[in-house]
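In the block that follows, a single chain appears as structure tokens, in the form predicted on its own.
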């Protein structure tokens, strides 16, 4: 250990209300997330481990850690529960990982608007339980919502269960505001309204230390889970699109190709393996769903109220589908894309013909700018980078928009372009570029050209 590092650690140890974790096994565990879904990211990130982990207990201790890291030029990477899939919380250049799990309080609720103010380290399962007493629930949930933190979801996620109605996290109206601490010589706690929050939303914690969030919520519903069997994938897609256009409340709409269904947990599978359409709707929507199923001559099964099921369909959708596939065979990986509107069949049929069972289809119904769309998280049999790129190029040529889960940066995985506002926020709130370095392409460009 260098004298500089020793001084740094000794200074950290003077900070009140700060837990410091130096155990090698704990530091290694808390430097990882689920990036191993991607063979490409596994190769890049397996050796990335922080020097130590800290758990601050209040704003003062967060500020002191930021101030000391700034003084010694030590990288600082934020972490919730580490349920992300893209290395969002993995420190590329060692330094300190700050886990926000002690920031876990619901701070305020406005009964008139339904807005909730909550600390960033609160588990989403706990937040939803607390919202129940107000007759509310979260609009959007990742499939990992039982273990994920709300701050990690905002900083590193994009959508999930509920996107069929509420779109994506960056859609106006979902995030109302936030509070964050800056990373500079004299860190400050700043409050951001909805517009000011946009550069920090889905920025991997690269431009501010989020301590609390103001979120819109939905009225609490009793969601019922329904499984529809379908022998033809094309018909399953038509049924799902019909359901998303119907005048019913929906929380979830997904399709799993029959080969995926066959690899799901035993409790989910029925006697006959077929393509499955998975729906969550209110009790009022069930008759309409039954009517649509009769029109298409398919069978549906009402599983019951999702919250009361021992195992609900929320456990086999979004990234949990890939999780279950990989539990059977680690050679499965995946892609994420928005399918071309009104041209889904051409793309799917082309890939089925060219790639056969190397690409298996998992489709999720979402909303984009208020219009129903279909997203896809197909699982792929890994056969190297060249084949992955060829599959992605095939999808792009046929009109799909790829959200690449095999890259490290904010822009590469979702936005596709450098967000000038994100870079401006980093310049202002992290002037040395110490927050989660290496994850924002716009900052790397700024550094390269000395902007």
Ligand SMILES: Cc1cc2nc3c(=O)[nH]c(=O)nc-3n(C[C@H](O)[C@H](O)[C@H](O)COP(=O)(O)OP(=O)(O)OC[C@H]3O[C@@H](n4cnc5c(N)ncnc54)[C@H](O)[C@@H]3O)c2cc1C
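Please read all numbers here as calculations on a predicted model, not as lab measurements. Numbering follows the first chain given and starts at 1.
As for the form predicted in complex with the named molecule, it is not shown, yet the points below apply to it.
Participant: Which is the contacting stretch out of 273 to 281, 140 to 148, 189 to 197, 365 to 373, given heavy atoms within 4.5 Å of the named molecule in the predicted complex?
Facilitator: In the other structure, the partner sits against 140 to 148.
Participant: Decide if the three candidate residues 92, 406 and 443 all line the named molecule in the predicted complex, where lining means a heavy atom within 4.5 Å.
Facilitator: No, because 92, 406 and 443 lack any heavy atom that approaches the named molecule to within 4.5 Å in the predicted complex.
Participant: Taking the named molecule as it sits in the predicted complex, is residue 183 near enough to touch it, meaning that at least one heavy atom pair lies within 4.5 angstroms?
Facilitator: Output for residue 183 is no: heavy atoms all beyond 4.5 Å of the named molecule.
Participant: May I ask you to state whether residue 124 is within 4.5 Å of the named molecule in the predicted complex, using heavy atom distances?
Facilitator: Looking in the predicted complex, residue contacts with the named molecule include residue 124, since a heavy atom lies within 4.5 Å.
Participant: Report whether the minimum heavy atom distance between residue 78 and the named molecule in the predicted complex is within 4.5 Å.
Facilitator: It does: once the named molecule is placed as it appears in the predicted complex, residue 78 has a heavy atom within 4.5 Å of it.
Participant: So in the predicted complex, does any heavy atom of residue 204 sit within 4.5 Å of the named molecule?
Facilitator: Output for residue 204 is yes: heavy atoms within 4.5 Å of the named molecule.
Participant: With the named molecule left out of view, choose which of 158, 174, 225, 333 has a non-hydrogen atom within 4.5 angstroms of it in the predicted complex.
Facilitator: It is 158.
Participant: Pick from 326, 320, 170, 165: which has a non-hydrogen atom within 4.5 Å of the named molecule in the predicted complex?
Facilitator: The option sitting close enough to the partner is 320.
Participant: Using a 4.5 Å cut-off on heavy atoms, which residues of 47 to 76 contact the named molecule in the predicted complex?
Facilitator: Not one residue comes within 4.5 Å of the partner.
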